[in-house]
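The form predicted alone is given below as one chain in structure tokens.
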Amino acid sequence: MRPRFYAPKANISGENIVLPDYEGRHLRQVLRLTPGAEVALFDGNGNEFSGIVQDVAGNSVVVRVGSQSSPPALEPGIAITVVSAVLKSHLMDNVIKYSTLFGVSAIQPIVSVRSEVSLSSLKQGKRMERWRRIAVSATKQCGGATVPSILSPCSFNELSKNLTEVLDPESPQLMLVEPSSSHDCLSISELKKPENRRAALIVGPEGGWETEEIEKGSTLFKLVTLGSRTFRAEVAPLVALASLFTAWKEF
């Protein structure tokens, strides 16, 4: 199997393109490929091409785009936006990685009352860049060619407005709550497949949602549970995604 690289500018056969810095470093320093090596390129939008390494000198790696390849791994028929309260560094990294492996269309980080990070620190730091690289790496790993969008972080109070920009009004917006919630909740197994094939899954922070957030969420979203068990914050979205894809016959 040819090594695969993310190349967002790979769209015209015969063109020479420069790989993103982190992809170039992987090709040059880890795999130690040389000019003439055959590779596969994917543009992050579902397309894959063959490629030939042209130049690995200096800081840039140049690859010539070849013919378009056979379709890569099929994406799920349901476009799911995972909304996750920002967790501690390595835990959030896992949410990004495994959500990408499931084939979600977008990931929306949010800051909730119990989040241990502020919006300003997220926007000023490099975590967004790191999450995008993790999403690219996970896409390569699973054989896909579509990289999920990592949306700009927002507060829980801004979430409903932000979701209207990526979802249709009839798209289900599912807020995962603990089984002990006193509100009326549905089990994921009871949910019908959305006709417009879009949905959002909203998962809380370590320690769970604050009461005020659940109260507000109950007026904006559909509250759902994973049965009688309580899962850790980094595991809950993965269990929920597996349950949704099974219920909606995506597996």
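Keep in mind it's a predicted model, so treat the numbers as computed, not measured. Residues carry their position along the shown sequence, with the first being 1.
What comes next is about the form predicted together with a further copy of the same chain, which is not displayed.
Undergrad: Only one of N196, S189, Q54, N45 gets a heavy atom within 4.5 Å of a further copy of the same chain in the predicted bound form. Which one?
TA: Spelling it out, the residue with a heavy atom inside the cut-off is S189.
Undergrad: Report whether the minimum heavy atom distance between P153 and a further copy of the same chain in the predicted bound form is within 4.5 Å.
TA: Although a further copy of the same chain is absent here, P153 would stay clear of it in the predicted bound form, with no heavy atoms inside 4.5 Å.
Undergrad: Tell me, yes or no, whether V239 is in contact with a further copy of the same chain in the predicted bound form, where a contact means a heavy atom of each within 4.5 Å.
TA: Yes.
Undergrad: Does K9 reach a further copy of the same chain in the predicted bound form if we count a contact as any heavy atom within 4.5 Å?
TA: No, K9 stays farther than 4.5 Å from a further copy of the same chain in the predicted bound form.
Undergrad: With the partner left out here, check for me: in the predicted bound form, does some heavy atom of R25 sit within 4.5 Å of a further copy of the same chain?
TA: It does not: once a further copy of the same chain is placed as it appears in the predicted bound form, R25 has no heavy atom within 4.5 Å of it.
Undergrad: Based on heavy atom distances of 4.5 Å or less, which listed stretch (153 to 161, 140 to 148, 168 to 176, 124 to 132) is in contact with a further copy of the same chain in the predicted bound form?
TA: Only one stretch qualifies here: 140 to 148.
Undergrad: Even though a further copy of the same chain is not shown here, does it sit in the predicted bound form so that L101, F231 and A247 each have a heavy atom within 4.5 Å?
TA: Every residue of the spot touches a further copy of the same chain in the predicted bound form.
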